[in-house]
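The chain that follows stands alone, in the form predicted alone, written as structure tokens.
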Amino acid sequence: MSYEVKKQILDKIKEYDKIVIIRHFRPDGDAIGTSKGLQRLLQLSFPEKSVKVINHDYSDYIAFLGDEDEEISDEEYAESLVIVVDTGTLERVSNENARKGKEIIKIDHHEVDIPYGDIAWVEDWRAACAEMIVDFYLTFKDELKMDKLAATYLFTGMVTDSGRFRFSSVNGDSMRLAGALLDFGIDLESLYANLYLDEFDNVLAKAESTKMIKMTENGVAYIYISQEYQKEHGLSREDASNMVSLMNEIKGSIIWIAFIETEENIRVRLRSRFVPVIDIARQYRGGGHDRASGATVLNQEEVKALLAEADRVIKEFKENNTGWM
């Protein structure tokens, strides 16, 4: 089945002179790495085609990978094949003009029940959507071309969405695909420096923020980042969201959550080990992956309710399982 849908996608790519690649809003490393990696792959393989990555927001965190392309006219969309990557539903696209494409292809690794597109290739067991593009390249290696730049984009997607290859979704195939990219000579030292080094002020803010971490009765670690705190410390929305990583090394806390206050609502980042959190996220307007999900709550009552549900999940898991830390 996988080969057949990949062949359909390749045939469609060959059919079109104009291709537009779109990803989800509030992009992470996988969304940007996958879209730019696929663009570079297609530009190398089909230099006569126009292949653009067009979206309406970006990420400072991944800005080192370079800019995306300028908007095009409705007429051009109507002549284009639109490929939407790393996006579970069309409601989450960063570019609403995706719907104006002549045909839409979906390439994604999220667990969602809402299909879209004329062709959909979904492998929800993948650690990153970028894995799928590497697999696509290797499947049709006799027709497609890869270089160091494309490999760097795709490796960025893989390493960020897999938690540096630590998440449970990582398997042997993940490592083999990563190895195929490394063979192109990726500069890992520079890549990791761009991804993980931080400004001195941000490091100090993170250190201070650890004092705000709280714990529920059964071990849910959580932090609430108010708008006032964000302004006081000059934190971007991205900086505040990344505070969730402050709690990933606490023993006994197998679910950890960051609440980020915005003008409209409260964004929630849920992370876990041993136990899934995606069902909790779905109860609060969200989704994602088993152990890395996002959600949205509207008020403090929902904050308390979400924490209570996470605490119940941990309690039940700890009572019925051993070997967790």
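None of the values given here were measured: they were computed from a predicted structure. Numbers follow the displayed sequence, beginning with 1.
Just so it is clear, the following notes concern the form predicted in complex with ligand AMP, a form of the same protein that is not shown.
Just one listed stretch, out of 281 to 289, 32 to 40, 65 to 73, 49 to 57, contacts ligand AMP in the predicted complex at the 4.5 Å heavy atom level, and that stretch is 281 to 289.
110 is the sole member of 206, 233, 110, 100 with a non-hydrogen atom within 4.5 Å of ligand AMP in the predicted complex. Within 4.5 Å of some heavy atom of ligand AMP in the predicted complex lies at least one heavy atom of residue 295.
Taking the partner from elsewhere, residue 273 is found to have every heavy atom lying beyond 4.5 Å of ligand AMP in the predicted complex. For the partner-free chain shown, 267, 269, 271 of 265 to 284 come within 4.5 angstroms of ligand AMP in the predicted complex, judged by any non-hydrogen atom.
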